[in-house]
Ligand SMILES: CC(C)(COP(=O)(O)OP(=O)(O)OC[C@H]1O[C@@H](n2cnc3c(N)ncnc32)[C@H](O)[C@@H]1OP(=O)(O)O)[C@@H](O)C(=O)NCCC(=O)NCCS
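This document opens with one chain alone, in structure tokens, the form predicted alone.
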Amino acid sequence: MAALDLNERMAVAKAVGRRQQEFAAGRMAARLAMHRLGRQQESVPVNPDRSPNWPAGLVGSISHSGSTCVAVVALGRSWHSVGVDVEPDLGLSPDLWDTILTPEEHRRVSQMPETLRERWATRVFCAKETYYKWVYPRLGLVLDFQAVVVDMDSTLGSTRFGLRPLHSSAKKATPPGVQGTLTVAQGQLIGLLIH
């Protein structure tokens, strides 16, 4: 917490210790990304809706999962928004599929070999989380998991995903053909969408 400025510390002052550590790690990762862009390392306080309040001229996204933290920062003059998500590359329990997967995605996963299903569902979850972090700054609206369909190959090796928003506001905020990427590194699945 020492690396955080007062506004950042206040944002998580009442949070449990683990949440404070995740928050601090995310802000440190964001500062490192700013430095790599050749920018001064500035604080990233929170907006009233708890989303990151990026310094002027920057867009970004932060994600945590267990012991992993990822931050992506980009110049606002080059990109509209950024979404990043990190998840353990494990299977998503089938009892969560009805919440996470649209009926179309549910049909697709049910047609796959059983050994692929849970980890493919995790990839859909990661892609949706990535999209929601990317589209939220444009909408200011929290979407549920049924608001977008993820299009990607029915393999675990797929590295690109497409999106078909079903929510009317999300459709307007999402350019046709926008795609994200999925990468697996050190047992973590990382989704990235930048446009």
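Quick note: we count residues from 1 along the sequence shown, nothing fancier. Everything numeric in this text was worked out from a predicted model, so none of it was measured.
What comes next is about the form predicted together with the named molecule, which does not appear here.
The closest non-hydrogen atom of E42 lies beyond 4.5 Å of the named molecule in the model of the complex. Contact check for K171: no non-hydrogen atom falls within 4.5 Å of the named molecule in the model of the complex. Interface residue remark: Y131 is counted as part of the site for the named molecule in the model of the complex, having a heavy atom within 4.5 Å. Interface residue remark: A30 is not counted as part of the site for the named molecule in the model of the complex, having no heavy atom within 4.5 Å.
When you look in the model of the complex, the only residue of M152, L58, L156, L143 with a non-hydrogen atom within 4.5 Å of the named molecule is L143.
Contacts with the named molecule in the model of the complex, taken as any heavy atom within 4.5 Å, map within 57-81 to I62, S63, H64.
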